[in-house]
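Take a look at this single chain, the form predicted alone, given in structure tokens.
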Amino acid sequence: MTIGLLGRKVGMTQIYDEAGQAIPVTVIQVGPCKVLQVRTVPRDGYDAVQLGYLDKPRRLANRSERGHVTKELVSKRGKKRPSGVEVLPKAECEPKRYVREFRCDGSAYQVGQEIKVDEIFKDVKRVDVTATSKGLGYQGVMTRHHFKGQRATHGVKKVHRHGGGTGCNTFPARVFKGKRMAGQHGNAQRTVRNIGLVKVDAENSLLLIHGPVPGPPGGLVAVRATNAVR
């Protein structure tokens, strides 16, 4: 696994290639991201790099968020109490609005380092994009699971969009878990794998990704080079 970057979905547009073909793309503003922590197996039990994206005003950040990025925060009495525990290095930056971890070997990264889009995606052709899909609220089985619905004749009255029977016989006399029914639709983490990276705009920290990605405009996304084999 390789490190990725955090960003926000800007929206969709289209560009033209050298042959004049229109390519639908999603524009994502990615980075720059600060390295807040580097996880290691001896200390944390796993390898990962923790990144922060977008500054958060200090007046909106609580004490733990400010203390996570700077060591200047002291106790309420104004004294630092040594506890004998090794203090981890701090990034010495502003509190971040989004903090996420990427499982990868972090030996090449230092706390406080700033990672930009051209450093990660310079020679990358295909990526994985993780985001939270649009929340569509409570939906029926036709919208949520693409059921065809019931017939419009032969005794079917006013239940044309219902899911129909869900129960079992006397045995097991219950409904199995995972049964497709009406319920919350969307608002879940989704990953679109192995999609093409059309263009990298390092000057504006933009990625142009082929096709759609989950989430609404302005939503947080995580982009990393894919490990899928075509």
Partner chain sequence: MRNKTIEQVEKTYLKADVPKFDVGDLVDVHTRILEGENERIQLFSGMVIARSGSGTREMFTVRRIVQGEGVERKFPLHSPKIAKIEVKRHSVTRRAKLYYLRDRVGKGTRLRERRGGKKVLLEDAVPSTPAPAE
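From a predicted model like this one, the values you see are computed outputs, not experimental measurements. Residue numbers count along the first chain shown, from 1.
If you look for the form predicted in complex with its partner chain, you will not find it shown, but the lines that follow are about it.
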Stretch from 175-183, 22-30, 42-50, 62-70 whose residues place a heavy atom within 4.5 Å of its partner chain in the predicted complex: 22-30
Contact residue in the predicted complex, chosen from Lys199, Arg190, Arg58, Arg193 - any heavy atom within 4.5 Å of its partner chain: Lys199
Contact flag, Asn204 vs its partner chain in the predicted complex, heavy atom cut 4.5 Å: yes
Non-hydrogen atom contact Met12 with its partner chain in the predicted complex at 4.5 angstroms: yes
Its partner chain contact in the predicted complex: Leu208, any heavy atom under 4.5 Å: yes
